[in-house]
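Two versions of one and the same chain are coming, encoded as structure tokens; call them structure 1 and structure 2.
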Structure 1
């Protein structure tokens, strides 16, 4: 059995782990399919569970039916057990499988920016709409100053039509605003920067450092080190301790070493705050380090947009209420972005009123002043990015993320 056939069979047989059929099965002319491609294996599963829950919650609001077609959600995994994280080959396979199924009208995902680089060209060439709830690397949609030679984002656009858009703010919002928080709120004058050498981690660390060096922020960078994942980081943190920084910034994820850095900070008696980005804004980060550790290590985590606990009025509050009722737990940070991605697609498809990939793609990309989701009124800009530009900073207390500042 070749890889493609295996993926197809596995996707249809693993109902609990892989496929959720909201009233129908693919390959039927009376179905309209939403595909999501996320790391459903490995330590990011907790976060992607909430994204998938958000998608299904949105589908419920249409009774899993649009203009006479049954709504179907296919939950694709772009990770492998061996790697414990996303895999380039699986993400590309997922994209190819999606474009070959004529019932698929949208590809929601991926979670990781590196994975987006794999699926974007395939989906662009086929003209299939892609909405990411979590990929935040700016170069996916815009030219990053100083990175012009990469050819981004043009290398991902294989047709003259925009197919990729995202409902989450990008790292060029998160990096600079985090620097502003470190300077203005934490009153830090110096910082040591670590990153995991991956696209997301190194990219957001670079944007954070660029902001620190500006005259307006004025934070001195005592050092910057890139770390591959390892059992511990004691040697590095011993060197950092001698420099006595006011703060440590880690660009990376829960899966690429974030929890261990917090553990080793305590071991080396480093008492300055640790600041981590949205790749660590999940229970897996807190549980990986141990909730009690944060009684001794002060840690702030940032996320583009709003923490669900801040959705206290209107449609946002209604989303949180429905989520708790359906899943019997609080939504994690990216749940609302899964919901928002599905809602903007469903509303556009409803307005188009027919199963037409190109018409629905065009309607979604032209979204302006969208207010049918949970995040308030927003639009897609000319590059497919959301106009929402808010950053939430939370402190880890009692095993939870407690929002302390919105910028």
Structure 2
């Protein structure tokens, strides 16, 4: 090794040690950390802003302090600008960063079910509590009928203790209840189903169709077509127009073609309503199609759980009021889930009374009849799913989602 090389190596080692020390010193043992990993860049940013606001609001209620420890929130981003949405590598990185920081007691997130598949095994292995405010794929917690081969949810559980729970209702609620809405409220007898061929989109379309076929609902499915992202859907919609369905259902997101379908429905003069799931329940969906378009195309978007504008009594109303005071605007759909996730953690941690990952985790997972949040009384079931079984349907009007019905 010549001298220059030696100096270089020595310098690098010193620098590395420096970084290590700085990192070590940064973690004050007197803090208690909540991390959230959500897509903070790209089209879902509007929604995740409200989740983060919800978390901060909950922390404020404890004056950002818990049994003598300072409460700190770390706002992680699992999206990249290039993708415009969540990124598998980033979500996994976030999970690893969270488990290596001893002050982190909970990992709130992610927003997308696909991202959850990345972080769940990592957090499960480390035994760190994970609460998702928005991931709705049923397979994350339960065996999906007809999909046993995938090995879900066992493949995400690396230890025998549950680490994952969620405060939002799953697609098991969303699919069937949407079918109920289409049959009872829209009085539709026939429907055409489209999906985007992705995990979430085709999954929810399948659940919707299964519910349509049941006797109680009895909607006739005129056809089902899987779309890959295309520059237009005119030919498909022309074909559908000839079948004259009472409604069209699209299982997919604003990134996988939702806005373009709405645009081409107008272009092809299709007047039946379009129903989309919570993957399209974001501003990007309305902006991508243009707010004016929805004067001509009737569009309903569903979201598991309760829209904040329907929270008019008790703790729910109190939450809406406080949110408005602090952030100066109305809470959006996911704000309340951010709040609820933080709240259920904070209450359990307060009861445990010490900084202990395992004890807090088990206390949260065992939560029963929780009523300190905004959503009323609920419990986690044996798989970590909420017992809340509600669906809100909103109609797009004047560039906004306006809740019309809660089931």
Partner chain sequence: MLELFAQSDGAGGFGQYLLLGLVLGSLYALIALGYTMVYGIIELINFAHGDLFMLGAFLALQLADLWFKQVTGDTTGVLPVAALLVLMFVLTPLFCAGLNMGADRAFYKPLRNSPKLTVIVTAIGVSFIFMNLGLFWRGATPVKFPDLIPDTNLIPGSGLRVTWKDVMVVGVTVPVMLALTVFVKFTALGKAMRATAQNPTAAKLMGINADRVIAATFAIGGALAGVASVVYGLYIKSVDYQMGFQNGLYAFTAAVLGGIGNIPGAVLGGLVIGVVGELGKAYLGAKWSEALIFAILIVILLFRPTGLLGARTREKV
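For clarity, a rigid core is taken as the largest C-alpha set superposing within 1.5 Å between two forms. Positions refer to the first chain, counted from 1. Here the structure is a predicted model, which is why all the values come from computation and not from measurement.
Student: The form predicted together with its partner chain: is that structure 1, or is it structure 2?
Tutor: Between the two, the form predicted together with its partner chain is shown as structure 2, not structure 1.
Student: Taking the rigid core as reference, does the Cα of residue 228 move 2 Å or more between structure 1 and structure 2?
Tutor: It does shift by 2 Å or more.
Student: Tell me whether residue 398 is among the residues that move between structure 1 and structure 2 (Cα shift of 2 angstroms or more, core superposed).
Tutor: Yes; that C-alpha moves by at least 2 Å between structure 1 and structure 2.
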